[in-house]
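Before any questions on how it binds or moves, here is one chain, the form predicted alone, in structure tokens.
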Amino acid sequence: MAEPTSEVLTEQEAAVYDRQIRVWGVDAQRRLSKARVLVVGIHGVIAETCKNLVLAGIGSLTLMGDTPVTLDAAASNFLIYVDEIQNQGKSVAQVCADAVGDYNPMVRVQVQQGNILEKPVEFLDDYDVVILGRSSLSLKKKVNALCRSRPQRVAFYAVDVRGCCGISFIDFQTCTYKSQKKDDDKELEYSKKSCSLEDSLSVRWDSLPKRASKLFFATRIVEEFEQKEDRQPGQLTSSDVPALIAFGTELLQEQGMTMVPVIESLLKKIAEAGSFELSPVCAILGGVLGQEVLKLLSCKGEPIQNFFFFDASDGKGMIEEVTP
């Protein structure tokens, strides 16, 4: 891992980032230039997120994964060019690192091989943020717990797109940020805390507001079903819909709720989508997630607490705070 950048912006950085410095200031840009981000699992929505972070001028971006380049991997990942599909010698992480590095040569883009769970726990001390792409519920909980076990803050973000539906989870642990109140130019400093994914998922569903996004319940059912059936994320098909709805009905009843047509429709859409990611949804989720990471690293703006959902069928994005 290369040494963090200096405390002072270089003349080149000041020139390249001039416009955004005018928006959020030199101090915020300096914080970004020292930030170290680790990304595990590269799909379409992750490609969008990486592009946004690199263009903003973070210090370093490390892509982790050994998945080989395939036609399916390139379907919604604009960082994989057609001629790379035939390149059997490179992983998705390597191909994407080469491509995203061209967006901003001042950002150090690296590749890390192996499995994050097999690394020494000190491995995460080299990073400020960990972003986890499509992964099992079990892996999300384990990586989130590892991030929280470190002596310094390692923020955790998880994101996935299934067809036209997208979801992200954010655990920044603690943060101090500056924000302006409406009709007031003066910036005030605020502090905020978040909870772990484990704690968030312990909240009973019938305690949530009635207006809560139905996509929250649908994605929870899908993840629990995949875990119960020992299926990898994105492996469901239309043939799984009956069993998925039956499982969801039972799970909802355990949580003091009943199955409704909206949730049933979402379960069907997610299952039928399989591993497919709708590119415009990836762009939206990648934009929102990139923005949230930049807020945290720059200490500018209030971060989301703690889920964000988007459904392209109705064009709505919803923030849900699910905390004990």
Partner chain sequence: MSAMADKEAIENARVLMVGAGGIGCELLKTLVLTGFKHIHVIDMDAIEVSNLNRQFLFRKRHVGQSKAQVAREAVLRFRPDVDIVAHHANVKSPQFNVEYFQQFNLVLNGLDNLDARRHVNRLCLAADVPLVESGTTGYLGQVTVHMKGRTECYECQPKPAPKTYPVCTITSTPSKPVHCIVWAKDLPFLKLFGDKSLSNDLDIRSSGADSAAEQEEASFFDLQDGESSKAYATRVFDRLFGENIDIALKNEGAWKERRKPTPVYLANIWSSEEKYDENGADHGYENGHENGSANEDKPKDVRAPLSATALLGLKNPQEIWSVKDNARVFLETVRLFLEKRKEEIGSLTFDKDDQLAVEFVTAAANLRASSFGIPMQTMFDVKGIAGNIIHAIATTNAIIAGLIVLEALKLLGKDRGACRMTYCLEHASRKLLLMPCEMDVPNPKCYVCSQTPLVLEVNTKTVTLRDVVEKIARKKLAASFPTIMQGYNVLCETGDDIDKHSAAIYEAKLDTKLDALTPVPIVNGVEITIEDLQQEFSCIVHVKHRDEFSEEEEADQMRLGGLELLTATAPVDSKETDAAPKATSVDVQTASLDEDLVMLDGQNAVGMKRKLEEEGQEPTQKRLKT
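Numbering follows the first chain given and starts at 1. Here the structure is a predicted model, which is why all the values come from computation and not from measurement.
Not pictured, yet referred to below: the form predicted in complex with its partner chain.
A.B. asks: May I ask you to check whether Gln255 falls inside a 4.5 Å heavy atom distance of its partner chain in the predicted complex?
C.D. replies: It does not: once its partner chain is placed as it appears in the predicted complex, Gln255 has no heavy atom within 4.5 Å of it.
A.B. asks: Quick one: is Val262 in contact with its partner chain in the predicted complex, heavy atoms, 4.5 Å cut-off?
C.D. replies: Heavy-atom contact with its partner chain at 4.5 Å: absent for Val262.
A.B. asks: So in the predicted complex, does Ser275 come within 4.5 Å of its partner chain, heavy atom to heavy atom?
C.D. replies: Residue-level check for Ser275: no, no contact with its partner chain.
A.B. asks: Could you confirm whether Ser76 comes within 4.5 Å of its partner chain in the predicted complex, counting heavy atoms only?
C.D. replies: Yes - in the predicted complex, heavy atoms of Ser76 and its partner chain come within 4.5 Å of each other.
A.B. asks: Give me the residue from Gln235, Gln180, Ser202, Gln110 that has a heavy atom within 4.5 Å of its partner chain in the predicted complex.
C.D. replies: Only one option qualifies, and that one is Gln180.
A.B. asks: Name the stretch: of 211 to 219, 151 to 159, 129 to 137, 113 to 121, exactly one has residues whose heavy atoms fall within 4.5 Å of its partner chain in the predicted complex.
C.D. replies: Checking each option against the 4.5 Å cut-off leaves 211 to 219.
A.B. asks: Going by heavy atoms, what in 256 to 275 lies within 4.5 angstroms of its partner chain in the predicted complex?
C.D. replies: If the 4.5 Å heavy-atom criterion is applied to its partner chain in the predicted complex, 256 to 275 yields only Lys269.
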